[in-house]
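Form predicted on its own, single chain, as structure tokens, below.
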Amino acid sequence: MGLTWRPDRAYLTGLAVAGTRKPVSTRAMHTLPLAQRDDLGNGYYVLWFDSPAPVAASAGQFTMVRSAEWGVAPLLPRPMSLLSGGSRPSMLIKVVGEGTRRMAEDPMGQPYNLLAPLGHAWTPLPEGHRPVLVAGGVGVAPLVYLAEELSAAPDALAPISLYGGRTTRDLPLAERLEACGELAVTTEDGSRGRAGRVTLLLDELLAKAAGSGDKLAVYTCGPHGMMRAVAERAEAAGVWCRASLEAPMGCGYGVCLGCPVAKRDGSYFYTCVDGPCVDAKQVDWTKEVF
């Protein structure tokens, strides 16, 4: 592949983001059989793998994944948010190109290489804050993982999930969010929930919290424009907000430098090592990610 994997080394990052972090786990290359594929419709699938050595991941971390039997094409692994870790690591995919098409068609039992866990997990929920998860489309994956972590924590408030998609077919895993707490959805065509964008729901929730004095903590992942709108609204309301960045990348651990995201101070996050989960106030949302 032209890359030298070093699974024996601890995964180190720069301290580019303020705030308390969960400890970063040591990455390792896991060669695992594809054990299950759930067809969610509209090109969305959940892939499950069997791992004899549990993948020690937390919500918000990701994996670089590629079948061990793909040959030379597609060449590079794909970055995918982890939907779960442990002995049954999983991920949500949407078929958009050759790599994801093959993931949707490969036979059960085919071996895959997963370099994981990678990146920073979500910052822990501030004490006394109600978590608000704002998701768009396939960006729901790290938020489902977070919702399930929060619902299993005895001292955490149940999350409020706001989920937007183009149509009802673009809301994969909505039922898993709903199982963890409150769920409200929007669709652009009005086929489910409120007609419009998910920021309509966020505006209402922020206004309600401002009137009641409730403390909110916003976590968001989805299209760049959606996250920009969420981050701007949270900052205007003085509300704590974290975002999971998405950017193209080739390695996943800071070698290729292919995943820069502009910061307000003129420098850059490298999504794989400084993120993907960052303080939304530090991102220059006016700059698109290519």
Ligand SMILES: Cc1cc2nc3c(=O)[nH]c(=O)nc-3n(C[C@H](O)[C@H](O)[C@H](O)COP(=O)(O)OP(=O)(O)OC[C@H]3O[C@@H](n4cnc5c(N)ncnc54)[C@H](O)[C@@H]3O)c2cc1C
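Each residue number is its position in the shown sequence, starting from 1. In this text the structure is predicted, and so the values were computed from the model without any measurement.
Absent from the display: the form predicted together with the named molecule. The rest refers to it.
Can you pick the stretch from 242 to 250, 228 to 236, 46 to 54, 31 to 39 whose heavy atoms fall within 4.5 Å of the named molecule in the predicted bound form?
Result of the contact check: 242 to 250.
Mind checking whether each of 171, 173 and 193 has a heavy atom within 4.5 Å of the named molecule in the predicted bound form?
Judged in the predicted bound form, none of 171, 173 and 193 sits within 4.5 Å of the named molecule.
With heavy atoms only and a cut-off of 4.5 Å, decide whether residue 132 touches the named molecule in the predicted bound form.
Residue-level check for residue 132: no, no contact with the named molecule.
I'd like to know whether residue 165 contacts the named molecule in the predicted bound form, with contact meaning heavy atoms within 4.5 angstroms.
Looking in the predicted bound form, residue contacts with the named molecule do not include residue 165, since no heavy atom lies within 4.5 Å.
Can any non-hydrogen atom of residue 100 be found within 4.5 angstroms of the named molecule in the predicted bound form?
Flag for residue 100 set to yes.
Within 4.5 Å, heavy atoms only: does residue 197 come near the named molecule in the predicted bound form?
Residue-level check for residue 197: no, no contact with the named molecule.
If the cut-off is 4.5 angstroms on heavy atoms, which of these, 218, 177, 141, 121, is the one near the named molecule in the predicted bound form?
By the 4.5 Å criterion, the partner-contacting residue is 141.
Which of these residues, 93, 114, 160, 201, gets a heavy atom within 4.5 Å of the named molecule in the predicted bound form?
Looking at the other structure, the residue within range turns out to be 93.
In the predicted bound form, which residues of 76 to 95 put a heavy atom within 4.5 Å of the named molecule?
Contacts from 76 to 95: 78, 79, 80, 81, 92, 93, 94.
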